[in-house]
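One chain is shown next in structure tokens, namely the form predicted on its own.
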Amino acid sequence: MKTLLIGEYREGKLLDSTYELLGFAGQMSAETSMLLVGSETQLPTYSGTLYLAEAATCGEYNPGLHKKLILEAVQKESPDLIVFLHSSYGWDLAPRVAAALKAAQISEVIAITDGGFEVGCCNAKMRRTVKPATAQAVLTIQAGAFPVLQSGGTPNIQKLTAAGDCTLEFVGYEPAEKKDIDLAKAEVIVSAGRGIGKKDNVPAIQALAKALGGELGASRPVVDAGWVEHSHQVGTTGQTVSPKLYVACGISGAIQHLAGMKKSDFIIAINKDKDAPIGEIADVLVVADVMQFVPALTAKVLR
């Protein structure tokens, strides 16, 4: 199995998420090569072949030129899989490359199974396994779904150049909207999930957060339901956090949420389902009714 990994470079820096591509390839025991539109001053610690195009001339994002560069690397390597991160860069480029190659595309892969790839469905409430129907396939992998892997060494650089016009003009990056609360700075976060039952139960979760000297977090379903403001959302469509303590209350553990908090130093999960996915990464899993356990825990903390 051969993979061509598409690294990412933004605002003059190699993105650390590029190493998640190596984690994916490592789980497949796949042979790897990599393509990066970036700079020789920001090279990955990687001992394989690196197809490098200068962002100074090709632009940090130019879909027409970047597609040409990827297709040139594909022609040289003949990979079975062309793998992007599931990011704004990957969302845009992956279908362009798949269409040009007449190859299957599988988006937002969260795990590898025998002969296939696991992806979320039904708003991440379920998972399904899919297999490409073509010999060559294009994938995007979900942020945080695969471990960061730095293989070490110095890449064997193969320079690429591309020329041509593009109907799109890259004008720069727009800063994210300022949040009411910056959870990334919080040392303790207590998050509410759908398992708390209703909006009226949010204050009980907030009370535990206050008792622990922390901040209130929330999963996407809670925010979508209007129970908590979006500024408190943790996950790939919210904030990525790494507190010293993360308490997940009634959160089952969809991959999008786990990607946003799995780097927390210590994770406590409270869930009545002993098989909830969040239990796989929790340091402590409390199997209990969250709305019975949380008030009791808060009372103990306040004593």
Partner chain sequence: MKLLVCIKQVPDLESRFKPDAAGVWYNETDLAFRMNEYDEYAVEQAVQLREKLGEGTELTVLSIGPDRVVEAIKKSLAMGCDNAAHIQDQAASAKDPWQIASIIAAYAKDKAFDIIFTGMQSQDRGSAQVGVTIAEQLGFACTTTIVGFDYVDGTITAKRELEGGIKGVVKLKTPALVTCQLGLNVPRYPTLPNIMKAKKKEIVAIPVADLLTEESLTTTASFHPPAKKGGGIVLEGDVADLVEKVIAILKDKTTVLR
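All figures in this text were calculated on a predicted structure; none of them were measured in a lab. In this text, the rigid core denotes the largest set of C-alpha atoms whose superposition between the two forms falls within 1.5 Å. Residue numbers count along the first chain shown, from 1.
Although not depicted, the form predicted together with its partner chain is the subject of the following passage.
Engineer: Is it the case that K68, E229 and K262 all touch its partner chain in the predicted complex, with a non-hydrogen atom of each within 4.5 angstroms?
Structural biologist: No, none of K68, E229 and K262 comes within 4.5 Å of its partner chain in the predicted complex.
Engineer: Using a 4.5 Å heavy atom cut-off, which residue among G144, P155, P79, G120 comes into contact with its partner chain in the predicted complex?
Structural biologist: By the 4.5 Å heavy-atom cutoff, the listed residue in contact is G120.
Engineer: Among the candidate stretches 50 to 58, 22 to 30, 36 to 44, 239 to 247, which one is within 4.5 Å of its partner chain in the predicted complex when only heavy atoms are counted?
Structural biologist: Single hit among the candidates: 239 to 247.
Engineer: Given that its partner chain is not shown alongside this chain, does E169 nevertheless sit within 4.5 Å of it in the predicted complex, heavy atom to heavy atom?
Structural biologist: Yes, contact at 4.5 Å.
Engineer: Classify L212 as contacting or not contacting its partner chain in the predicted complex by the rule of any non-hydrogen atom within 4.5 angstroms, answering yes or no.
Structural biologist: So L212 counts as contacting its partner chain.
Engineer: With heavy atoms only and a cut-off of 4.5 Å, decide whether T134 touches its partner chain in the predicted complex.
Structural biologist: Contact check for T134: yes, within 4.5 Å of its partner chain in the predicted complex.
Engineer: According to a 4.5 angstroms non-hydrogen atom cut-off, is V188 in contact with its partner chain in the predicted complex?
Structural biologist: Contact with its partner chain, yes.
Engineer: Where, within 103 to 121, is there a heavy atom within 4.5 Å of its partner chain in the predicted complex? Residue list please.
Structural biologist: Sequence-ordered list: A103, A104, Q105, I106, S107, E108, E118, G120, C121.
Engineer: Superposing on the rigid core, I want to see if A209 changes position between the shown form and the other one - specifically a Cα shift of 2 Å or more.
Structural biologist: Passes the 2 Å threshold, so yes.
Engineer: With the core lined up, does the C-alpha of Q239 move 2 Å or more between the shown form and the other one?
Structural biologist: Yes, its C-alpha moves 2 Å or more.
Engineer: Once both forms sit on the same rigid core, is the C-alpha displacement of G197 at or above 2 Å between the shown form and the other one?
Structural biologist: Yes, because once the rigid core is superposed, the C-alpha of G197 moves 2 Å or more between the shown form and the other one.
Engineer: If the CA atoms of I112 and K272 move by 3 Å or more in the predicted complex, do they move toward each other or away, so closer or farther than here?
Structural biologist: Compared with this form, I112 and K272 lie farther apart in the predicted complex.
Engineer: Between the shown chain and the other structure, the Cα gap of G195 to A145 differs by 3 Å or more. Is it closer or farther in the predicted complex?
Structural biologist: Farther apart, which means the C-alphas of G195 and A145 are at least 3 Å more distant in the predicted complex.
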